[in-house]
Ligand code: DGL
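The chain below stands alone and is given in structure tokens; this is the form predicted alone.
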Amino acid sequence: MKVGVFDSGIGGLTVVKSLLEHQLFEEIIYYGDTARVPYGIKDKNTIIRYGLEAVEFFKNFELDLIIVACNTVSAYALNEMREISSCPIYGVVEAGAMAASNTLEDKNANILVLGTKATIKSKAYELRLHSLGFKNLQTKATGLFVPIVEEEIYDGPILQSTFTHYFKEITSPDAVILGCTHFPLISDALQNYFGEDTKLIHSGEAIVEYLENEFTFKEKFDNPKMKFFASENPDALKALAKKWLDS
């Protein structure tokens, strides 16, 4: 199978990493809209327009499906993107909510959803989690994590101070949904902060689980073809992909 992965910038590489680890696809086409990142502070109509433009970009390739790695786009634009796409499109919000349901047996579990301002404002995770029977939900817009990760700060005093800033009034959660593709890169620090009993839900692992429930993957691809495209400075994206994906 040949898959396109769309993200507002570089964060979706964490989803690509999960796809590579599970060897699901023969070819991966990645497109990051690096010229217009971040999406998390933009309005709904703008996010939808950018999502539709991404579908048009992917029409240059004969794809079997598209993964929207960006939580913000998944929250706002998925239906509109599906209307103009010639192949199925899957987003990480639905997958993340389903992963939480599969991970937590107790519907009274305390779930904390982290995301950009736009993702949290959409209430997309809350609506899906409520529909799955979960009631005890907390949400927190944690946009500062994005530039911190892009500075390749994965732990230390700056990140710990940011945790204190965001989480000082948060009660200990049973699970934390990492509702932005940047956040898995600080998952070790988050795990240490909240403790071993807190389960972290990772967009990349969630979408893999979701796809494996949707499709029968009859073979593994241990050396898939990969192509990386960006709306600005593609060389920087390719260099970061090599570093993050250990390729």
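From 1 onward, residues are counted along the sequence shown. Please read all numbers here as calculations on a predicted model, not as lab measurements.
Missing here is the form predicted in complex with the named molecule; even so, the following discussion is about that form.
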{"item": "Listed residue that, although the named molecule is not shown, lies within 4.5 Å of it in the predicted bound form (heavy atoms), from L78, L159, A175, V146", "value": "V146"}
{"item": "The single option of V208, L190, V37, V55 touching the named molecule in the predicted bound form, heavy atom within 4.5 Å", "value": "V37"}
{"item": "Contact stretch among 218-226, 176-184, 57-65, 192-200 - heavy atom within 4.5 Å of the named molecule in the predicted bound form", "value": "176-184"}
{"item": "4.5 Å heavy atom contact, T142 to the named molecule in the predicted bound form", "value": "no"}
{"item": "The named molecule in the predicted bound form - contacting residues of 117-139, heavy atom within 4.5 Å", "value": "T119"}
